[in-house]
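The data below hold one chain only, encoded as structure tokens and taken in the form predicted alone.
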């Protein structure tokens, strides 16, 4: 028992969490983290704008799994073993208090991702975990004595168990050593991206909506034409198109449809949230006798410059008072506010937080233990699996939970 060797592939969030928990549960084991690059915990460092969005204040597992476009069914079993409250308690036990923001995202009280990174590095040192950077895993071979031969770019190890936490990638070549074990890799598709709008997409004198970059609407609904996908929430106008929580959630849940459409799709925005044209016109009618200029009465919590954009788009003069608004212009403005149409031409990765839809096929994993159903003593955790969540700490929660279970079962 004292001589067991556990190899952890990947020096990211899931890899460190798995390694630390193995070392905690089995102090006599030799634990090695193999990282093919020269960087450790890079996603932890950039997450949440450098503050590290550790998890989300969502304690109801049935609600929590709704934030995962892929893997939600399997994660019910995972989160029943290690959930958000367990995550909070784990970090508290290591001296790190987490705080909850208004949107339920949870961060270390220090607002600094280095707090999490330093915690992991300290724990690794304390528990004698060996960390090898610039050492790429080339192959895994299952031997008759149930050990796994791990061949790397530098040497060969004979491991009693391997935990694969090599992360999500957009190139199939990064999964070669996993495919060679007999595992299948689900189609790799980008998730979590913003919508690009072409420069030529002008609307007469209204101009291009991207000229309003920096403006946001707190409750808008964005949908993809010819699909069932639509989501509501804050929408941000950027210098390349549309972003914000509603757009990012849409990109995750509609990832396959966007991919199949080659990121060229009709996008419809309801800037009022969920109101239809008739309800919008009813709001207009409340101002029907007003002599106030329309430009001075932005409705539906729209920023004034965005309201002006729609008046221009509907060919309504800024000096027109409400009392003079004709039926034709009223209909046009209502239609624009509830069904504003754009043509998406490409995507932009959200900040540096690259997330991939796709990975190790979930049918090949036992989610009670995170062990492979194909190769004994081979475990998987984190984004290497075909599991991904929307922004808000959900991808890290998947990493912590699956890594903890893997560590608990080696």
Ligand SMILES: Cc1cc2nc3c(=O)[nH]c(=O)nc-3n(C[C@H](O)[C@H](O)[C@H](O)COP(=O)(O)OP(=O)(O)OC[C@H]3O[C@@H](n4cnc5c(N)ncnc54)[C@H](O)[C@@H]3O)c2cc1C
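Positions refer to the first chain, counted from 1. Quick caveat: nothing in here was measured; it's all calculated off a predicted structure.
The form predicted in complex with the ligand exists for this protein as well; it is not shown, and the discussion that follows is about that form.
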> Ok, 169, 223, 281, 210: which has a heavy atom sitting within 4.5 Å of the ligand in the predicted complex?
Replying inline: 169
>> Give me the residue from 355, 378, 360, 31 that has a heavy atom within 4.5 Å of the ligand in the predicted complex.
In response: 355
> When the ligand is placed as it is in the predicted complex, which of 361 to 369, 337 to 345, 33 to 41, 58 to 66 ends up with heavy atoms within 4.5 Å of it?
Replying inline: 33 to 41
>> Test of understanding: in the predicted complex, would residue 307 fall inside 4.5 Å of the ligand by heavy atoms?
In response: no
> Is residue 9 a contact residue for the ligand in the predicted complex, using a 4.5 Å heavy atom cut-off?
Replying inline: yes
> With the cut-off set at 4.5 Å between non-hydrogen atoms, does residue 14 touch the ligand in the predicted complex?
Replying inline: yes
> Is the gap between residue 177 and the ligand in the predicted complex 4.5 Å or less for some heavy atom pair?
Replying inline: yes
> Hey, with the ligand in the predicted complex, do 137, 393 and 396 all fall inside the 4.5 Å heavy atom range?
Replying inline: yes
> Going by heavy atoms, what in 45 to 71 lies within 4.5 angstroms of the ligand in the predicted complex?
Replying inline: 46, 47, 48, 52, 53
